[in-house]
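What follows is a single chain, given as C-alpha cells, in the form predicted alone.
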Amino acid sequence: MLTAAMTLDPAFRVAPVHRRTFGSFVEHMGRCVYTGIYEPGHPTADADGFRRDVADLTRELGVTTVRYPGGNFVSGYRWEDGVGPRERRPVRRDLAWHSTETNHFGLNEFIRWTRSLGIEPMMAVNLGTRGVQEALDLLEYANHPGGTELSDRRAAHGHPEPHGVRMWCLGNEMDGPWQVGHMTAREYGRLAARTARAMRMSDPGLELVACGSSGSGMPTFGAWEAEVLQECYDAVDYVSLHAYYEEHDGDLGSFLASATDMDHFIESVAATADAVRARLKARKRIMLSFDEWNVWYLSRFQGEEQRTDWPTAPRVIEDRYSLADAVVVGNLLISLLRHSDRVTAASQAQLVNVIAPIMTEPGGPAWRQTVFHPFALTARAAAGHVLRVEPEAPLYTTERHGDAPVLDAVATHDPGNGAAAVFAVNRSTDHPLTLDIDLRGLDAERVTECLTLSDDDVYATNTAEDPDRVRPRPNKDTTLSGGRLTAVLPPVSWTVIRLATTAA
C-alpha cells in the first residue's frame, strides 16, 4: 500500500473560496440549449419552456455563474435575433458549429432561466464579426434602466427591470483560426481596449475579461497574452484561460495527472500578466477567468466528417464520461481551488448534453454523468478559505507530464462555523493509498462525511438506463484520533472528507 501525508493549518491561507469558481457554460451548440435547458412540450417544462428536471439537477450541481452564449458561437452571433416575439425572430446559419439557429432562445430567456435558479449571468460580446457599437447596444439593452430606445425595447419585450449583468467576456478565442473573424494579438488587443473603454463609459463598475490564448498548445501562447495585455491592461480585469483534457492511446497514468498541466498553465499566464504589469508600472493585478475547462475527447470530434447540411440542435460532442474522467474533473477542481489567489472565476464547459455533467433525452429523462459528482460535492463543501497544503507523496512517471505525485489534494476551512473539507485524488491505477493528515490547529471534533468516487471498472459510465452506476459512496476506512486523520483512498479515486472543528 502507498502512503502519503499532509498538514492542515488554518493560519496558512491561499485566498477565499470564490463562489464564481463553480461556474458553468451554456452555448448555442448541439443540444445544450434546445432539448437541454429549454424544451417546450417536455413533461417537466414550465411556462417558459424550461425543463424542470434539468433545473433541479443544475441546483444540485451547485452552479453559481453561467457564461453565455458562447464560445465559438458568439463570434458570428447577432444578439438582436434572440429578443422580441419568437414568431418574428430570424432563422440563421451558425458557421461555428455548422448548424441552424432558430433563435427561439435568446438573451431574455437566458436571464429568466438564470434568475429562476439564483445564478449569476456572465455574457460574451461578439468581437468576431462585430465591434464596439454592437457591444454598447447589447449593454444598453441589457443593463440600462430605461428611457432610451434600446432599454425601452427591452421593457417592451417584457423586462422593464434591467438585467444587471456585471461580468462580460470581450469575444472568444480570437487567436484561433477556426474562429469567425480571428485576428492577431495586436488587432484583438486594440479592439478589446476600445470596446472595454467604451463599455466603462456606460458603466464603470463592469468586470471585463480579455481573451487569452485559446490553449497552452497554441504556437502563440504566452506571446499572445503579453501582447494583448500590453494593449488593454488598464481597461480589463481578467484574462481568460481555456483547457480540455483527454486520455490518449490508453495512457491512463498521464491522463490522471492532467491537473499538473493545469497548474503549469495557470502559473504561466499569471506570470505573463505580472510581467506586463511590471513593464507598464501598473498598480492593479489582472485576475484569471478559467472560463472553459473540462474533459473533452477533442481528437474524436476533430476526426469526424465535416457536415454538409445545416441541422438544428444536432447531437455533437455528447461525450459519455467514465469514472476515470470524473476523477480527473475532481482533480482539475483541486487545481482551480489551489490557485484561488489568481483564478477567481471559472466555467466548466458545458452544462447540458455537450461535454456536460447533465444529460437529457428529448421528451425523456435527465441524469447525472460521472463528472457531475465531484463538481457538486466540491461546490457544496468548499467554503471559507483555501488552505495551503504541501502533500508528501510518492511519485510516478508519466509519458506526457513527467514525474507526478500519486496524491493530489487541497483543503478549505470556514472560520465562521469551523467546518473544514479535504479534497483528495489517488492517481495510482493499481494501489490504494493511505493518507495521514495532521490537523494542526483545527481542533477537529469529528468526521461529518467522507465520500469516495471509485469503481472496479475505471471506464464505467452512467446511462439513462443505469444513471447511478458510478456515484459517491461512504468511505468507512477513515479514522480521527489525537488530531490526526487517516483515510484509505482506493486506486483511481476522488474523495471529499468533511470535518467539524472548533470555530476560530
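Residue numbers run from 1 along the displayed sequence. The model shown is predicted, which means the values in this text are computed figures rather than measured ones.
Omitted here: the form predicted together with a small molecule. The next part is about that form.
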item	value
Among 368-376, 167-175, 154-162, 245-253, the region lying within 4.5 Å of the small molecule in the model of the complex by heavy atom distance	167-175
In the model of the complex, the residue from Asn72, Ser335, Ser213, Thr412 that sits within 4.5 Å of the small molecule by heavy atoms	Asn72
Leu442, Met29, Val54, Leu435 - the one with a heavy atom within 4.5 Å of the small molecule in the model of the complex	Met29
Any non-hydrogen atom of Ile355 within 4.5 angstroms of the small molecule in the model of the complex	yes
In the model of the complex, Ala349 touching the small molecule (heavy atom, 4.5 Å)	yes
Heavy atom of Phe25 within 4.5 Å of the small molecule in the model of the complex	yes
4.5 Å heavy atom contact, Glu292 and the small molecule in the model of the complex	yes
